[in-house]
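Alright, two takes on the same chain below, each alone as structure tokens: structure 1 and structure 2.
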Structure 1
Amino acid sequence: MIISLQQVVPTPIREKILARPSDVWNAQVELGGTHWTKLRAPSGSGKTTLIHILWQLRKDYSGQVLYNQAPANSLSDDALSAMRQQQLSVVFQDLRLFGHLTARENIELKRRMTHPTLYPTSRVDEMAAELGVQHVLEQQAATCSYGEQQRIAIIRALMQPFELLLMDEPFSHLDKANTARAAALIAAECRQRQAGFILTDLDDDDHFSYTQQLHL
């Protein structure tokens, strides 16, 4: 999945964006493919806005976004759903779990959304064990710590097929050891799918062997 951005500028923060140099905003840039991309984005540079635009949650921007050459505004609701089930996956910064469902139910919901399902339900337990959140699987998501919720959101994102994974500060509440485990799992899953990812964060890091580094 290649996402092409053509002079994209989010309308609400237009002045702020144009006042500083960027590799992405108001530029011609191709993201995705098999690149493991790191987007270094200082606070206020529109990091989350970009992820939401790439996920088509926001449409308040000027310029064009194309998915494999297809303009975003030509996508029907069904096509968008299909893309979010088969080609793109996401870890939101604010995680977006269903608080009153258990951690397992949150993951299952995504697992069962694709037909046929990518993984058996046993894979949920394997991943949870790998990330050290097996003990919270039956707990309501809202009662889990933010770090636990972050790992649940990562497992949820890995339950579906994808060509490109979007991650918005996915490790912000994880300690070093847990970050390393999560990164290893994500790397393995991306390799298995021959997928690329776009990771945004405030600072430089060496969680992955990035093939592309951009400045937002």
Structure 2
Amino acid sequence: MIISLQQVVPTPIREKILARPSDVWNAQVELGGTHWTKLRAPSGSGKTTLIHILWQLRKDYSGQVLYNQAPANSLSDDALSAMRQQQLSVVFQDLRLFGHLTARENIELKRRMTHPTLYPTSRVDEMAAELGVQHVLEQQAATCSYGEQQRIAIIRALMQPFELLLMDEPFSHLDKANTARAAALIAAECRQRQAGFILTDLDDDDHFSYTQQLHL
């Protein structure tokens, strides 16, 4: 999936955005495909806003967003839902887990809604073991640490088809060892699916062999 941004500027922070150079805001840029893209920016530069725009949670922006050349504003609700189930997946910065459900139930909701036969429940346990969170799968998500919740959110995002994975500071509460494990799992899944990703973060890192690095 290719996402094209054409002079996109978020309305609430328009003046702040236009006051400094950016490779993404108010520019012509293509994201996605098989690129592993790093978007680096300091706090307040609109990292989360961009992820929300790419996911079409926010529409308060000027300019145009296109998905495989189709304008975002031309997509029906059904078409947008289908795109989120088959082509796009996301790890939100605030994770958006249901706190009253168990970690496993949070993952299962996504898995069953998308492609339950392609990604069997046994794969949930395998991924959880790889990321060291198998012991919290039956706990309510609200009782898990933020780092555990972050790893559960990563597994949830991987348990569905996608051509492009959106990740908003996905390792912010993980130590170096757990970050390495999570990055290795994400890289393996993206290679297997020949998928790209877009990752936002504050600083430079060596978590992945990025094919595209941009300043937001």
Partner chain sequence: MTPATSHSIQPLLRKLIRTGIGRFRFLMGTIGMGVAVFFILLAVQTFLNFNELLHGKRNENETADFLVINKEVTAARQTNKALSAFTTAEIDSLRQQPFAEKVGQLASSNFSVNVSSYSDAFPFYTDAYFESVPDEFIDVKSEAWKWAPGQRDLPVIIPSFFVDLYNTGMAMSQQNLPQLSMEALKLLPLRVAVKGQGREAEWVGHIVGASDRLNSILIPQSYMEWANQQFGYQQQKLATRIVLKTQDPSDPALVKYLADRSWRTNADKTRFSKVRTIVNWIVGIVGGIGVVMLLFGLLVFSLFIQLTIAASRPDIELLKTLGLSRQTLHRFLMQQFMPVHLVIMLAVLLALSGLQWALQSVLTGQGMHVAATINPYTVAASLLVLVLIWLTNRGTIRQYLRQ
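Residues that one form lacks are left out of the comparison. Throughout, rigid core stands for the largest set of C-alpha atoms superposing within 1.5 Å between the two forms. Only a predicted model underlies this, so the values are computations on that prediction, with no experimental measurement involved. Residue indices: 1-based, along structure 1.
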field: Structure corresponding to the form predicted together with the partner chain
entry: 1
- prompt: So which segments really shift between structures 1 and 2, if a segment has to be 3 or more residues long and each C-alpha must move 2 Å or more after the rigid core fit?
  reply: 115 to 118
